[in-house]
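Just the one chain here, the form predicted on its own, laid out as structure tokens.
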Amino acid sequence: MSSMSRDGCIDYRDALIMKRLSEFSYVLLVTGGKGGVGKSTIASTAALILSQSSNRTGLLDLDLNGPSACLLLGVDESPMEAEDGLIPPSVGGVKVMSVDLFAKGRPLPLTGGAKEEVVKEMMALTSFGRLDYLVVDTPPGTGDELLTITRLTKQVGGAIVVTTSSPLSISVARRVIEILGSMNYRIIGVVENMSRGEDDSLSRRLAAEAGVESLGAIPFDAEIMVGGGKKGPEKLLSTVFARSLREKLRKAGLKVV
């Protein structure tokens, strides 16, 4: 992988990113396009479940405008500077990197190509070390963050597409599937979150039409909403939501006990 930076020079970060990626056995993108479908909660809880299953696990929060992984997991430590880069803080056995560790809740007015630059910077400078799984929480939309991380991780990655049963969420998830397909990115399955148990599942229909696997539905769990989003590892893992997600990850072929 080699590319030119926007000023026409060789991008020094490419070699660093290649080095980081060589240390990851698998990169799991949690995407879906639509905001509010629970991607961050699924990504954070999936990382905890994978870590609990004796996997070396990292979590990269790429929601640059509304990062929430640190809030969900109760992370407030800053990354440590080391010779090899920035060492992310760890919680529940998961190494967590997010722009919120630097912004501390302040908004980041990023647009267009600036988002691509931040994604590459985070990938290049974060020293996760050797991981069995790097879970990536992608932001709403199908813009620069998704396209950049998809392009960078295509050789070692797979995506879970998250949707709800609403027609709007389904339509956005369909666009994400089409984009990932156009980039030859592996889709390991579709998950319907916050399910009310409808017999005629639009998410199953979407998966069938797109030729990808339906991993099933995660029932609506009001416990996830308690406390304004701040949960921490123990509370997240004790929910009905987490138990259901564990089954979906196992069905997707991930190393989950």
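Throughout, we count residues from 1 along the sequence that is shown. The model shown is predicted, which means the values in this text are computed figures rather than measured ones.
One more form of this protein exists, namely the form predicted together with a small molecule; it is left out here, but the text below deals with it.
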Could you spot which one of L60, L48, V190, I218 gets a heavy atom to within 4.5 Å of the small molecule in the model of the complex? I218
Which residue, V37, C70, V27, A207, has a heavy atom that falls within 4.5 Å of the small molecule in the model of the complex? V37
Is P140 one of the residues lying within 4.5 Å of the small molecule in the model of the complex, judged by heavy atom distances? yes
Quick check on V212: any heavy atom within 4.5 Å of the small molecule in the model of the complex? no
Would you check, heavy atoms only and a 4.5 Å threshold, whether M194 touches the small molecule in the model of the complex? yes
Quick one: is I224 in contact with the small molecule in the model of the complex, heavy atoms, 4.5 Å cut-off? yes
